[in-house]
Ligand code: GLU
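Take a look at this single chain in structure tokens; it is the form predicted on its own.
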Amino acid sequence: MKKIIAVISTLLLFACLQAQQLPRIIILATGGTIAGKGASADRAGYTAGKIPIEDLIGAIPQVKKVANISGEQISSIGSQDMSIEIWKKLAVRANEIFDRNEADGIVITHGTDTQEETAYFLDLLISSDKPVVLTGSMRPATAISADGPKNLYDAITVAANPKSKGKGVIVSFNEGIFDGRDVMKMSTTKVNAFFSPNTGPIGQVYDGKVEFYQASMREVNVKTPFSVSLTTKLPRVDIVYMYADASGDMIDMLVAKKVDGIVIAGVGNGNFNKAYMDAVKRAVAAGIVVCRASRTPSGRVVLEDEINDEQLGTIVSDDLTPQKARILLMLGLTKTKDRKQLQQYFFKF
């Protein structure tokens, strides 16, 4: 009997030591399709953010062999309702976790509609080289062949892997690993919804194995000059979409609203018509920073190419999408209104 007790005690001690050696991963849950609940398993309709994070973790018991997991519910929304206030909560809590050494990595569960925006916002604000991985799903948890459990398992695996350190904020989705700055949602309903049109994935996760093949040459998050607190009021920046025969009324309305910045989702190389040109001149004269981006999903907007930016008083987004250009301009305006300095942010970050 004493021998049996000794063996059991040894096994328990070994299990405890093994558990202590596993990476500590905290999951910050915001809701989204991954936590969605539908009326029927064979229907696409569902309500986002209904399932708590504890239940999502419980659906993948295998992950206990990968990491020590804990979860926190930051919000329970569909990501179409994502807000700057929730962004600030995520950024502040993530920095707090790393500053206090509460975890070795963070996973954020998030709806897919605005996941790319949250990833870039956090990439510009989290001041640690520890992994931060966003994931979600295209099918609700109650659906046939729900993709959430696999995506969450993969994201935890990526966050727990030492190779993920120093990569900035990344998105793990459908076995692909994407840089948070470059990733875009490219499909409205398919499970392979995310891709990076200009750069491609930086790696993949498959059968619990994480491989990276490339890294972004942009400044990673630990070198960011930006910071926010829960009480920070970010400048207002709006996006105006260019299309054939568009009037400048929307730009003039934003000038009247006295916004801080405007991003033009231009055609082609960030181009726009005469009506927009005249309205942009009025906006610049009013002290509003105007950034030329493009509605085209890949490529760069080139400074001083089709438009004389120096003369017009505009800056360009480089290869950032309009929605991500808005984020960088908001944060940039917390530091400066100098057009040349803001332009350098777009070339650097």
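Nothing here was measured: the structure is a model prediction, and the numbers come from that model. All residue numbers refer to positions in the sequence shown, first residue = 1.
Below, we turn to the form predicted in complex with glutamic acid (GLU), even though it does not appear here.
Contact residue in the predicted bound form, from T157, S196, S79, T118 (heavy atom within 4.5 Å of glutamic acid (GLU)):
None of the other options qualify; the answer is S79.
Would you point out which of 134 to 142, 256 to 264, 207 to 215, 93 to 101 contains residues with a non-hydrogen atom within 4.5 Å of glutamic acid (GLU) in the predicted bound form?
It is the stretch 134 to 142.
Interface membership of G111, glutamic acid (GLU) in the predicted bound form, 4.5 Å heavy atom rule:
Close contact exists here: in the predicted bound form, G111 approaches glutamic acid (GLU) to within 4.5 Å, heavy atoms only.
Is the gap between T33 and glutamic acid (GLU) in the predicted bound form 4.5 Å or less for some heavy atom pair?
Taking the distances in the predicted bound form, the answer for T33 is yes, it comes within 4.5 Å of glutamic acid (GLU).
For the stretch 326 to 349, return the residues whose heavy atoms include at least one within 4.5 Å of glutamic acid (GLU) in the predicted bound form, in the order they occur.
Read in sequence order, no residue approaches glutamic acid (GLU) (within 4.5 Å, in the predicted bound form).
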